[in-house]
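Next comes just one chain, in structure tokens: the form predicted alone.
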């Protein structure tokens, strides 16, 4: 049985797994999942991942949740090039440092901006107060500043001279608010140059392929059936507002 990846490319962690597998020529069967339609709560997916989040991996009888765990599993199983997760102690520590930080920082702040600017007003039909948007933007700007000043500093990539899992996990998060129409690269030449280097290292075709869904979000929301999300509306508003 081929390795299976359950992914929704609206999701940042799913995009990181998709890019990593494609870039490293890892053979897999793509199982598309629509998180916005609630497909993660289906009976069959529950057998794969009882956490009911994407991405998820199934490799024979072995199932795995959480994007970072999946990335590390793929790196070790398929012995991908060392630069992704360096053997060098301090370079690996830099990667681990970023991966440990990002969950409650850029991950949260980029996601929140995407929901507040796009999905909540355009799909759920709920007006977002300006003070909520302003506070979310302040948090996002704080995380972006840390990526530039703390994690990148004067290095080409987070761990040094080569792309790593840290850069891959970072770029998909940074691109999330861009999908809502917010140009986070404007006025940030260091972040823009890093984005260009990451895109070059991944390959523009693969980079664009992975981000096509999120970059088309502003048009896609016009056709979304908001009724499918109503059951999740109280939870979404409680989380983001």
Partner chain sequence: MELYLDMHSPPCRLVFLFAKAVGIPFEFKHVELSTGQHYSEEFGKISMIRKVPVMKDGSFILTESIAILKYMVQKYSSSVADHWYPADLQQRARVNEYLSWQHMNIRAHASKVFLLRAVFPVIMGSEVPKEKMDAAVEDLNQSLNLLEEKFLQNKQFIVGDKISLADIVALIEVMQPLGTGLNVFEGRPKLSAWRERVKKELGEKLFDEAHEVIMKVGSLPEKMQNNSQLEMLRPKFQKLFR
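Numbering follows the first chain given and starts at 1. Please read these numbers as outputs of a predicted model, since none were measured by experiment.
From this point on, the text means the form predicted in complex with its partner chain, which you will not see here.
- Heavy atom of each of 82, 178 and 191 within 4.5 Å of its partner chain in the predicted bound form: None of them does, since no heavy atom lies within 4.5 Å of the partner.
- Item | is_contact(residue 108, its partner chain) in the predicted bound form, heavy atom dist at most 4.5 Å | Yes.
- Message: With a cut-off of 4.5 Å between heavy atoms, is residue 215 one of the residues that contacts its partner chain in the predicted bound form?
- Response: Judged by the heavy-atom cut-off of 4.5 Å, residue 215 is well away from its partner chain in the predicted bound form.
- Query: Quick one: is residue 126 in contact with its partner chain in the predicted bound form, heavy atoms, 4.5 Å cut-off?
  - Reply: Residue 126: no contact with its partner chain in the predicted bound form.
- Do residue 69 and its partner chain share at least one heavy atom pair within 4.5 Å in the predicted bound form? Although its partner chain is absent here, residue 69 would touch it in the predicted bound form, with heavy atoms inside 4.5 Å.
- Looking at 50, 26, 30, 206, which is the one with a non-hydrogen atom within 4.5 Å of its partner chain in the predicted bound form? Result of the distance check: 50.
- Those residues of 58 to 77 which, in the predicted bound form, come within 4.5 Å of its partner chain by heavy atom: Contacts from 58 to 77: 62, 63, 64, 65, 66, 68, 69, 72, 73, 76, 77.
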